[in-house]
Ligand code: IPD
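One chain follows as structure tokens, the form predicted on its own.
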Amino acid sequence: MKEIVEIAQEAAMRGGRIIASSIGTGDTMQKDSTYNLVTDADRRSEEHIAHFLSQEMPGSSILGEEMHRAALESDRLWVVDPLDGTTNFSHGIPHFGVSVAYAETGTILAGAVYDPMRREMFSASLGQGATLNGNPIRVSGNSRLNQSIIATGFYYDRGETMEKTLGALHALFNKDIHCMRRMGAASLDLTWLAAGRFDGYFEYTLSPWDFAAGLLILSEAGGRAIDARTGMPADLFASGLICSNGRIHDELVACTVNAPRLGIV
């Protein structure tokens, strides 16, 4: 997998260069709502990454957020988020990333997440551990929820899913966690958890390109993740995630799986 993860890293870095050079200059468009956005940089990044991957591994399939569609069960599949954190990017907030993962018949084997503004490259290959700029990373050693910082994300739906998320925040604050963070880029939430910056992360609705690379990096760094819908170990087919350093997992799950809907949205 060494060669594969190096291809993923190069692809993510190439997309990151396009994005970093475009912040504050591109057009922002709406998808299906006023708050689900796409930019010219998203599409140019995906086009460039897809072209590079097709050259490096002819015959492989590509599943991308913007333009490329392939089955998750494909024999050789690249899963690409060309700009994770589009809303941040479009507002000039320097927190976004590029995610590139490689899977075979539904199993994630390699992945890279690049933060072009901090020049941080997170990567992993199955069974080989996780790294940040080539140095090994591990999840935090914190074993108490009331000493934890938890990250979350909000899906574009502002109805039932939003209410459940707010209910989980309410439950977690009642457990006296240190604080919550909503950073706006799921791939970076997962990699920051892998690097010990966060202790837990949950988001009820995600797409494969949001988490494919980050999920493998977290797992290889010693973290734990379950599908938020089924409670089973998370994989490429998950619809949402509840993740932790493993030590606070049961407490985090108790606050998020059965989170009350506050009914205030």
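Just count from 1 along the sequence shown to find any residue number. Just so it is clear, the structure is predicted and the values come from calculations on it, not from any experiment.
The discussion below concerns the form predicted in complex with the named molecule, not included here.
This chain appears without its partner; in the model of the complex, the one residue of Thr131, Ser148, Ser125, Thr86 with a heavy atom within 4.5 Å of the named molecule is Thr86. Proximity to the named molecule in the model of the complex, taken as a non-hydrogen atom within 4.5 angstroms, holds for one residue of Val98, Ala186, Ala101, Leu193, which is Ala186. The closest non-hydrogen atom of Ser239 lies beyond 4.5 Å of the named molecule in the model of the complex. Contact annotation for Glu220: none of its heavy atoms lies within 4.5 Å of the named molecule in the model of the complex. The named molecule in the model of the complex comes within 4.5 Å of no heavy atom belonging to Ala50. Interface residue remark: Thr205 is counted as part of the site for the named molecule in the model of the complex, having a heavy atom within 4.5 Å. Picking from 136-144, 162-170, 76-84, 101-109 the stretch near the named molecule in the model of the complex, with a 4.5 Å limit on heavy atoms, gives 76-84.
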